[in-house]
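First, one chain by itself in C-alpha cells, the form predicted alone.
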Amino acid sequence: MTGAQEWLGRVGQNWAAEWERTDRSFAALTPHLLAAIALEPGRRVIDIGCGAGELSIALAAARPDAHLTGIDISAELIDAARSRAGDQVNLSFAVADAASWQADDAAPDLYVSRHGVMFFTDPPAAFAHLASKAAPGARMVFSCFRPASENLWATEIARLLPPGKPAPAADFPPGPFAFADPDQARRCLQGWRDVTFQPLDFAYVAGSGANPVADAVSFFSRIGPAAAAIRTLPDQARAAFERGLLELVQSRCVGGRVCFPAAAWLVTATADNS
C-alpha cells in the first residue's frame, strides 16, 4: 500500500529521478487524458499530484491564456517539474498537499490529474476541501487505475512475490488501485456531482531502447512493487524474485519494447458548490 508518506521519501525521490521512464510508461494514456481535458473550459487550472510536471507543461502550452499550477507533496518531484518547465510564464509549481492546499489568488475552475489522486489519507475530506476552494461549478478530470486484475504489470509481478502481511484495515486505503471500484470512488468524491467513468485500455511501456529487457528490469527495480521487494526481501528470496522478474520481462518483449496490458478510468466531475 502506497500512501502520502511514501511520496515524501524514497518513492518521490525515485519517481523524480526516473521521470523520463515513468512518463514513458503512461505515454499511451496521456494523449487520451489531454483530449478529455481539452473538452473542458478552465483558465485557473490545478494539476493535483503533478509529479514531474508532464501534464502541467502540456496544458500550459495548450492554454496560453490560462494559468496552470502543479502541486505535489514531493519536493524532489517539484524540483524536476520546475527544471523541465523552463520559463513558461503561465505555469508554476508548488510543494503542497492537495488535501489542505490553499489558493493564493483566484479560485480554480478546473482540476486535473494523471494518476495523482489515489494517495490521500482521507479521500472524502480531501475532495470536499478541493470542492470548497473551487469556483462554483468547477470541473475535474483525472485518470486512475482500474482493478489490479486488469493491470498485468501489477498482477504478474505480484505473483512472483512471497505472501505479504495483510494491509491494515481502512475505510479508504490509499494506493494505485484505491479508485479501481467506481462505487468506492464515488464515496470518496465528496463535494462533487455528475461523476462519470470512461474505461481506457493502454499499453504500459516498461522497457525500450537498445536493450529493452535490461531497461525494463532496471525500471521495475526502481519503480513499483518490484522495487520494494528488491529492497526488503532476504537474499535468497530476492535472488529468486529477480530471476522470475527477468523471465517475465523477457516474455513481454515484443517489437523492441517491453509492454504490459494496463487499464484506467478517465473520470470527470463537477463541483457541487454552486
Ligand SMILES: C[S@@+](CC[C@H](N)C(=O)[O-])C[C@H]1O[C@@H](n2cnc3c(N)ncnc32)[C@H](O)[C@@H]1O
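In this text, all values refer to a predicted model and were calculated from it rather than measured experimentally. So that there is no doubt, residue numbering starts at 1 and follows the sequence shown.
Only in words, not in the display: the form predicted together with this ligand, which the text now covers.
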property: Of 178, 96, 85, 154, the one that lies within 4.5 Å of this ligand in the model of the complex (heavy atoms); result: 96
property: Listed range touching this ligand, judged in the model of the complex by heavy atoms within 4.5 Å, from 60-68, 42-50, 224-232, 205-213; result: 42-50
property: Non-hydrogen atom contact residue 18 with this ligand in the model of the complex at 4.5 angstroms; result: no
property: Distance check, residue 77 to this ligand in the model of the complex, heavy atom within 4.5 Å; result: yes
property: Contact of residue 119 with this ligand in the model of the complex (heavy atom, 4.5 Å); result: yes
property: Proximity of residue 241 to this ligand in the model of the complex, heavy atoms at 4.5 Å; result: no
property: Residues within 4.5 Å of this ligand in the model of the complex, restricted to 23-40 and counted by heavy atom; result: 23, 26
